[in-house]
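Given as structure tokens, the chain that follows is alone and in the form predicted on its own.
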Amino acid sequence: MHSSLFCISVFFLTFLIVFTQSTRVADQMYVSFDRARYCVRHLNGTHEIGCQSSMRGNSGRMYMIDNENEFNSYLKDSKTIDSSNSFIIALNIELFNSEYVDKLMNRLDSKLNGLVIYLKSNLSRPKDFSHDDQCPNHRQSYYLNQTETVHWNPKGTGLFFRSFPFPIVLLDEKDDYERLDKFYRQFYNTQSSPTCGLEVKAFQSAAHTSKTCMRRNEISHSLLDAVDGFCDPVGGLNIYSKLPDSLTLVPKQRQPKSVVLILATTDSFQMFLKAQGTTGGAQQPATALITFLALAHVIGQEQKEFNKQDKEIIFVTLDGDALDYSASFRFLFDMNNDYFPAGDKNEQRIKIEHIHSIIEFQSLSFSNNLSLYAYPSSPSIINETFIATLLENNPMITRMNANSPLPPASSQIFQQYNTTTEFSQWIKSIVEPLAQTLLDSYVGNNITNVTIEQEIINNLVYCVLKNVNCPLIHNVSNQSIGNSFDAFEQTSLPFSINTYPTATTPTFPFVQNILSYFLRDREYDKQNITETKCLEQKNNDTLRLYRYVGGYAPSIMPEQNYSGYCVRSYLRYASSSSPAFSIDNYDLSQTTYPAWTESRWTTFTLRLFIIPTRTHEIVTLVIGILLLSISFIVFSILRWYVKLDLLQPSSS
């Protein structure tokens, strides 16, 4: 009898091994979308915006709406709406605006458990789509107290600044859309067939306001000794560089109106984040940043002439201006409190009175008609000579009326305190006349026909728009920094809302290395300094930056034939988060400074599953009860046989 029981046990064990697969049951039940982008929570001093799911996630029956006719039909279909307690609507991105979202929320009320916005392909991207306000950053505008509002962004939906009680997800990969559509069409034939369901997990840790969230962070860190918090201040790094010989050291005094600031931004408006990796926002700053870096190269190329004049030209990138000019507020705060430039105290600090002019690259579009806005704190100090020279050098530029308000730009905050080849050629047509104008205005008319090699702009375009892990970044940085870009192969330079130091964006090291290299001391290249000597210089000079690089051929002087050399440059950077998070005991509910934070989260998932029909559920339940009953009977019989076998006397 013992042998028979052993055989039965082996049979059941073999059955389980043969018919059990290594794949988890959950993996067989769900179809996951790992490349989805998720709407997250942002908070400021007064309220919260964005989206989130419940802690366990939101789920509901999937209903796919592709056009306006389908949308209207669904809202009128009471039978379908009454057939389920919750829905997650898959909505064509063309319908993702306030009008359609509000109609869904009003019709479904609490039954609306989430939105999945899908893009069919890159070719079907909307021509005009923006979730920003129609007047971006109007809460901190220079024209805040004026009654007339200029709608710089007429297609803006303002959805970013609304608070939704459900998660919103974006699918922007073609094959993800095709999978979603395939399953939906397969199971949406009749009401009696199984249907598709969706589950979204996008729980956000932060809630209420930045003041509440930052207080919870402090409690968590002090009482619970927890590393993780609930939210992080929005902001990354403000980066600035200039020609390394244009230093004003203590006790020498910097002259008033002696500093020219050239600005560009490295962040962009962004409603959806990826679960993993970097996420680019709107590509608005890309063209401006390429132009900005190309101009830096020309200034570095002509540094002998620029070193003759008495103006310091400082290139500055601001990160955080997408949300109420946070980075510009921080830049001005640092300047007013003797923190600019950061670093060595032997360098004379720059204040507002030292600023001569500001040139900002913002909203450059691929067009033959560019607008020039000149708006100083007093119209009487407009540099008409500079403007006239610029207009003469570049016929594409049209000067706007003096009464025209400034478009949304970082320089507004200063006012409150007083095809690839064709595209590259277009950038060249902007950079060369501007560099020529700077030379003519600050040096004189001794230099003519300022040029930049087309290959340099081509490489910048490729790095920023196509692949940030490009040969250029490896040639101008040391090996360890260059290797850090390998993880971003075939990734365009991301322009997004950052939280530093938690941000892992490659944007900051890219700008730091390219900008400082283009503005380096070209004469120092010729000294043929060894790598060891270069490291010694780095340790002895606190005012300049030294690094040993392989070199970028179009940027090296013709007489240089060696493979590596020591680069001497000037580079500074500082936090770009709002002053609201740096001032002791500052009340974050005040509106003096923007106080934006971004919520933390633990997981992002979007999964599709099949919802069985009522009949299928009943059949499954009955089969389960029958199997349980049979198992109980078999177990009872086996137990009875075992009991009899134990009662038999042993033959031995």
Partner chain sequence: MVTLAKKSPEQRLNICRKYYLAGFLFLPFLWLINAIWFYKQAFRVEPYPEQTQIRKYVIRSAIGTVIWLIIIIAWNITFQLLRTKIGPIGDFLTFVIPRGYY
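Numbering follows the first chain given and starts at 1. Given the structure is predicted, the values throughout are model-derived calculations rather than measurements.
Below: the form predicted together with its partner chain, not depicted.
Contact check for residue 103: every heavy atom lies farther than 4.5 Å from its partner chain in the predicted bound form. None of the heavy atoms of residue 166 is located within 4.5 Å of its partner chain in the predicted bound form. In the predicted bound form, its partner chain sits beyond 4.5 Å of every heavy atom of residue 538. Not displayed here, its partner chain is approached by residue 229 to within 4.5 Å at the level of heavy atoms in the predicted bound form. The stretch that touches its partner chain in the predicted bound form, counting heavy atoms within 4.5 Å, is 198-206, out of 455-463, 198-206, 301-309, 257-265. Proximity to its partner chain in the predicted bound form, defined as a heavy atom within 4.5 Å, holds among 216, 349, 526, 533 only for 216.
Note on contacts: among 212, 451, 84, 73, the single residue with a heavy atom within 4.5 Å of its partner chain in the predicted bound form is 212.
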